[in-house]
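First, one chain by itself: the form predicted alone, in structure tokens.
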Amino acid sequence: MILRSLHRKGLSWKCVSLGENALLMQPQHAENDLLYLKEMQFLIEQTGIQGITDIVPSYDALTILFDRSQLSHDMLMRNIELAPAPESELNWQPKHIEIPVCYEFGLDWERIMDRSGLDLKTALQLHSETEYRVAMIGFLPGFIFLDGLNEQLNCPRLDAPRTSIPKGAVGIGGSQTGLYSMESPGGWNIIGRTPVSLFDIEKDPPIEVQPGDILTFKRISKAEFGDLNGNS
């Protein structure tokens, strides 16, 4: 259900009720959604509003989960609007992360080449030499969505998803690249696999990669994959 708009620092936020204990906030007419989302998340975290249980960023919105016994949607929105400015400033810089990938484990290169008209060497070069931005974490715990895929490699997802995709698989889905953090069903075009473990529930936080971070891929052989996999 769409609620009233929330206003903060001259920016209007569209607010939507996601059930009884979640509020989705989306900046309106912002040129840099990521920065506004980071600033709003920082504000809410620094304010320490009682009753908030989690803040989940996505492409262009924040979802705030809260304890219904302590807050309502309207109370939460008023608290955000009236919250004092943080004493410190947001000091966020994207991390630059290199992920080793063995493209020899790709299952769908032929499909991508048929669609794009590219040869394998060119397709591999286009994918591995591109700089990507982490757009969001989601779909399943630790799954990484990446923006920046060369448009020549765009390829729709499979008509019939596979029942099992291995942990560490790298795939193309439409105009994005994605990394599977765990074994799961999936319909992305699989083009390789990384031996690096991206998600560990025993760690805090369980994933170090965050939206806005910059990610690049390093091509490795199957032998190097085996060595790195044995040490991970």
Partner chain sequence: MGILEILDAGFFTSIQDAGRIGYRAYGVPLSGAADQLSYDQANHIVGNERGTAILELTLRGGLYRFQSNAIIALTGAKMSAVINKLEVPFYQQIAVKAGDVLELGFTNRGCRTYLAIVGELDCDEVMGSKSTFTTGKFGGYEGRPLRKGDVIYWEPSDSHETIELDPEEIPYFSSRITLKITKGPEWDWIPGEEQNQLLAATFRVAQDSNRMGVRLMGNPLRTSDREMRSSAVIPGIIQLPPNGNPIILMQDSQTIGGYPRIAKVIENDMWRLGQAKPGDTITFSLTY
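What you see is a predicted model; the values in this text were computed from it and never measured. Positions refer to the first chain, counted from 1.
One more form of this protein, predicted in complex with its partner chain, exists but is not displayed; see below.
Undergrad: Please determine whether Leu18 contacts its partner chain in the predicted bound form, using a 4.5 Å cut-off between heavy atoms.
TA: Contact check for Leu18: yes, within 4.5 Å of its partner chain in the predicted bound form.
Undergrad: Is Phe139 one of the residues lying within 4.5 Å of its partner chain in the predicted bound form, judged by heavy atom distances?
TA: Answer yes; at least one heavy atom of Phe139 falls within 4.5 Å of its partner chain in the predicted bound form.
Undergrad: Please run the contact check for Pro205 against its partner chain in the predicted bound form: heavy atoms, 4.5 angstroms, yes or no?
TA: Flag for Pro205 set to yes.
Undergrad: Can you tell me whether Pro166 touches its partner chain? I mean in the predicted bound form, with a 4.5 angstroms heavy atom cut-off.
TA: Residue-level check for Pro166: no, no contact with its partner chain.
Undergrad: At 4.5 Å by heavy atoms, is each residue in Leu24, Val56 and Phe199 next to its partner chain in the predicted bound form?
TA: Result yes, every residue of the spot touches its partner chain.
Undergrad: Within 4.5 Å, heavy atoms only, which of Leu65, Ile49, Leu43, Leu34 is in contact with its partner chain in the predicted bound form?
TA: It is Leu65.
Undergrad: In terms of non-hydrogen atoms within 4.5 angstroms, which of the given stretches 122-130, 106-114, 86-94, 140-148 touches its partner chain in the predicted bound form?
TA: Partner-contacting stretch among the options: 140-148.
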